[in-house]
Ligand SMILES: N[C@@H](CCC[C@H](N)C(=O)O)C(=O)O
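Heads up, the chain below is alone and in the form predicted on its own; it's given as structure tokens.
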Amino acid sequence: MGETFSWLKGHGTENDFVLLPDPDGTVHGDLDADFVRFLCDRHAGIGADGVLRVIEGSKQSYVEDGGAWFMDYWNSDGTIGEMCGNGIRVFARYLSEAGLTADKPIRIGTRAGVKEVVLNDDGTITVDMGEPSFPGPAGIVVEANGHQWPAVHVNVGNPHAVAFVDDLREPGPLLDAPRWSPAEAFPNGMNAEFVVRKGPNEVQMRVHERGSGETRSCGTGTCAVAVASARAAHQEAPVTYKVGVPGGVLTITWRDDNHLEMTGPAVIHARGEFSRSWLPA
């Protein structure tokens, strides 16, 4: 591995990521948790909610079908994530701006399967997020800041607990991960969304992401919230929701084929070179 490496910084509705171009998988070898935590450190490193390594689909060995390009996604605490909705839009924006693909749609591999991504003429990006599932069990309760709420388990490639609240201030600062019961509902942890209704087919949410803490946005979380909101309102697909997050708004459509489409912005806003000599010993 060389003494320096290139990086980029991007965000989708202010959910931000460090991108590591590594087309043939040789620049960084196998990422490790300490390296990822350092890159995401907002004081000592570059600072981000997560890391996206960019590898050609045929050059990775993590999944059987890596698509045209594979998104090797890591949370800021150094744990591996199955999928990231905002991250995959940022990933697609990088591929397009770097001239690495002109495919329509772009097939991007993730640990939650291949996702098809389209860059729209208005500058937004639409992702086919696949089909949601509702693994249960019934009776899930989440707790934060001394409050408890019933929640529904929605899986959109990763696990989410969606709870409807009266006021988004109720969960408090979300410095710690919300607790849940029964414990077996989420054996590998979960992302927690707290939701208020703002109007017909419009909601606002906060999120505590597994492995990252509270973030300004969570793409998979907005998908989970949209389908949970539709089900709670006894709506059937097709239906579209505007989901507000602290960093902006995403549009989620639950199609009549049971697939979810997420549409929103993504930008690359910084790039540079990093010396390995700056890494902590």
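Each residue number is its position in the shown sequence, starting from 1. Quick caveat: nothing in here was measured; it's all calculated off a predicted structure.
Not pictured, yet referred to below: the form predicted in complex with the named molecule.
- Taking the pose of the named molecule in the predicted bound form and superimposing the nearby C-alphas onto this chain, the site is open, with no ligand atom within 2.4 Å of backbone or C-beta atoms.
- Of the candidate stretches 141-149, 207-215, 173-181, 117-125, only 207-215 has residues with heavy atoms within 4.5 Å of the named molecule in the predicted bound form.
- Proximity of Val162 to the named molecule in the predicted bound form: non-hydrogen atoms within 4.5 Å are absent; the residue sits far from the partner.
- When the named molecule is considered in the predicted bound form, Tyr73 lines it closely, a heavy atom lying within 4.5 Å.
- Contact annotation: Asn191 falls within 4.5 Å of the named molecule in the predicted bound form, judged by heavy atom distances.
- Using a 4.5 angstroms threshold between heavy atoms, Val195 stays clear of the named molecule in the predicted bound form.
- The partner is absent here, but in the predicted bound form a heavy atom of Met83, alone among Ile106, Ala185, Val203, Met83, sits within 4.5 Å of the named molecule.
- Along 92-130, a non-hydrogen atom within 4.5 Å of the named molecule in the predicted bound form is carried by no residue at all.
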